[in-house]
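Let's start with one chain on its own, the form predicted on its own, as structure tokens.
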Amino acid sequence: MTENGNRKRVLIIGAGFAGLHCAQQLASEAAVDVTLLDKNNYQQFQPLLYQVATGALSPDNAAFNLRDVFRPHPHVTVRMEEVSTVDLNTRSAVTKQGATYSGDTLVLAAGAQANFFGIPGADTMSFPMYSLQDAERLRSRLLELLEGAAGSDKKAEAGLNIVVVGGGATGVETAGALIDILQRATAHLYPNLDMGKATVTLVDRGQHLLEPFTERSQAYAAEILQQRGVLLRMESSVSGITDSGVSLADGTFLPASLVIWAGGLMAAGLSAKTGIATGHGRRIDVQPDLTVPGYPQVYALGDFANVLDAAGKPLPQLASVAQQAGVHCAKNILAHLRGQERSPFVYHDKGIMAMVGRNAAVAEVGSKHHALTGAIAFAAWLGVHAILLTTARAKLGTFFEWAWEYFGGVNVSPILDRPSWSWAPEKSDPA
């Protein structure tokens, strides 16, 4: 595997699902040194961020210290640095801190950021849901609104109107969790607050929620949300967002004290600084073996890449796709170092899931997407996501938190730990 006794160096940019699993797969290889760069010192578990935002879980249930994860692996070096530019020819990266890193192999797995599609006000007046910071910011904003509405000694109307933009899994899960909170948790936390006029509205430009799911799952999700009080505005495009609400393309204005953006993703800003053209969603188009065309020692993975299936269709931006791609990338790196042929990536579709609310979820099992709904899907969602957590401590801690929430009632964490924030989310990299 080595040439002239030299160890091989792999540089991985990004510690999301793809980058982390690639590094873990390479960690036990004694002849390979891995350097893992990420702007944070943790890996975030994105499927649980909405539960952090709504107070069901604490931040440490959805984030795992990278140094701790790789503590048993001396050949993996973790550096908390944000990459500003990369050179695909030299397989090197320069960070905003001024450091330069390089490798015999470069893996681009820098992840994604919110795609606001150029809608006026969306990037400054709405709260995205794609990072741990986003989730903590949203949680604090929600608590600030509740505290403000409950500030009077007299019985007060909440005057709380929340709009969720986007009918995918993130939007549906967030809307379902929010309506649970407003209807059930506030009774004991804010006894003088009348939530009768509080609203949660979900807006999506499509005809159906949960577009990748079957019609049965879509219909179930819509029915449950509406039964629980979520207002659905389907086939509605957002034309602008202000500090007072959301404008729709048909001229309708939805007053809102909080707008949550779950309207889509695009590759992180680093994708525009690679020196090559990008494809759909500003992601890098890759070859079947996950390498970047023209750069056999450079790979792109996860939300940073457009990967096609056997039929030539793009694979969805799912955690399961990123995980499997990360493992496959590592195997191809090792195969190449051993002088063996690299193999094309084949995604093994085990199904998709989405939580709709307490005792309500949709789960489509296997490549044929056999649909399950209701309590059994709810239990399956909890079990699968707990298993996917990175550490044993996180698995146990998250199960405990879920049990406490389920049997003790839905509880928003009442700690308003960031009251001085401006509430305008940090702008995405425009590059």
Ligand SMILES: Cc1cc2nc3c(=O)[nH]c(=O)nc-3n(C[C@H](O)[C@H](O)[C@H](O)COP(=O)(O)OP(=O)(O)OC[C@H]3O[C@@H](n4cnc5c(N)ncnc54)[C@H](O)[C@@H]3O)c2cc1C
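Because the structure is predicted, anything quoted here is derived from the model rather than measured. One rule holds for the numbers: they count along the sequence shown, beginning at 1.
Omitted from view is the form predicted in complex with this ligand, to which the following refers.
The partner is absent here; in the predicted bound form, the one residue of Ser217, Thr170, Thr105, Gln324 having a heavy atom within 4.5 Å of this ligand is Thr170. Out of the listed residues Ile284, Ala198, Leu270, Val163, Leu270 is the one that sits within 4.5 Å of this ligand in the predicted bound form by at least one heavy atom.
Residues within 4.5 angstroms of this ligand in the predicted bound form, judged by any non-hydrogen atom, belong to 40 to 48 and to none of the other stretches in 53 to 61, 40 to 48, 389 to 397, 372 to 380. Every residue of the trio Glu81, Ala110 and Gln317 has some heavy atom no more than 4.5 Å from this ligand in the predicted bound form.
The closest heavy atom approach of Ile13 to this ligand in the predicted bound form falls within 4.5 Å. When this ligand is considered in the predicted bound form, Asp303 lines it closely, a heavy atom lying within 4.5 Å. The closest non-hydrogen atom of Ala23 lies beyond 4.5 Å of this ligand in the predicted bound form.
For the chain shown alone, Phe116 is not a contact residue for this ligand in the predicted bound form, no non-hydrogen atom being within 4.5 angstroms. Applying a 4.5 Å heavy atom cutoff to this ligand in the predicted bound form picks out His385 as the lone residue from 373 to 390.
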